[in-house]
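Given as structure tokens, the chain that follows is alone and in the form predicted on its own.
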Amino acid sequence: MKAVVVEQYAPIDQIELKDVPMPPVAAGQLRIKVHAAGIGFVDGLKVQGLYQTKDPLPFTPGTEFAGVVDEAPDNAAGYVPGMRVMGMARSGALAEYITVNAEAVHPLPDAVAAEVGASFRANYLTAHYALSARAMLAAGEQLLVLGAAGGVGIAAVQIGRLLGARVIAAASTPEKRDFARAHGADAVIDYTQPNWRDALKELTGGHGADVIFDPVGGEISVQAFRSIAWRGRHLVVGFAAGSIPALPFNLPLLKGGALLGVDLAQIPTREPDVQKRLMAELTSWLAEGKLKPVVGRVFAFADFRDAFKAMQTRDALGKMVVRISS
């Protein structure tokens, strides 16, 4: 089978598509024929060896996928060959086949395309966990989403709207702000402008943001916290800007605010029941059409490098997806 193989940590231009053996499958596991794989910011870091944990070499990148069950020894967890699924693994999705434990996948509703399923779980579970389980976002609260046009940012815009919040999307270009508004944002802000906090103050009637969803990091994070509402919650989701901010400890004291970390990788082991509940809600919203995940661009398998490059540009909208097979 064909798979993207990282033999040495390197820029994506140096990574190749290779012929590799079909992955074996044991009891309790499923082998999935991959139809589509999502490409996220973490995947780009892992390929270069820049993520906080390193995958042992050689490895196949890609954490999110959708496809059909190819083999299911003993009908693991009720799955049988031919069933459509979406799932998430530590790595291995950029391949024609992937073997995972049965609990790593969820059924993919018939009406949902594989490209949508492959861009769903990581971003939307992160957003739902952050807003519901960590910040306990309430209907009517003011939600500020930084980096709102990225994959996880647009997920937070949509989930925030479903939870009844007033969503203010912060993005750096008119195209990104239009994109966020088209997917549910009630208002938008250009956070590259020096007076953006004044605009936020006006939009919230002087109240500030009750919840800040922050996958960006850098100085913008500190500035956003300075505009948080009394007893506001600032969700630390990632550092797409490349730098980790240093927050002066007097700010949480003065604001009565809380800084809350969000790490999707730890939820399955530390809070499995919470993950199960949130995924059930997300899958239900997906099947009912209440939630329509945003796919950015879809690339052919041979063009996987272009997907990584597109994801890393400042012009990226939504999540990049690689179509492996049909």
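Keep in mind that what you see is a predicted model, and the values were worked out from it rather than measured. For every residue, the number given is its place in the sequence shown, counted from 1.
The form predicted together with a small molecule exists for this protein as well; it is not shown, and the discussion that follows is about that form.
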I'd like to know whether E281 contacts the small molecule in the model of the complex, with contact meaning heavy atoms within 4.5 angstroms.
no
How about G318 - does it come within 4.5 Å of the small molecule in the model of the complex, if we only consider non-hydrogen atoms?
yes
In the model of the complex, is there a heavy atom of the small molecule that lies within 4.5 Å of any heavy atom of G238, even though the partner is absent here?
yes
Examine V216 and determine whether its closest non-hydrogen atom to the small molecule in the model of the complex is within 4.5 angstroms.
yes
Within 4.5 Å of the small molecule in the model of the complex, heavy atoms considered, which of S172, S132, N101, Q223?
S172
Which is the contacting stretch out of 142-150, 106-114, 204-212, 156-164, given heavy atoms within 4.5 Å of the small molecule in the model of the complex?
142-150
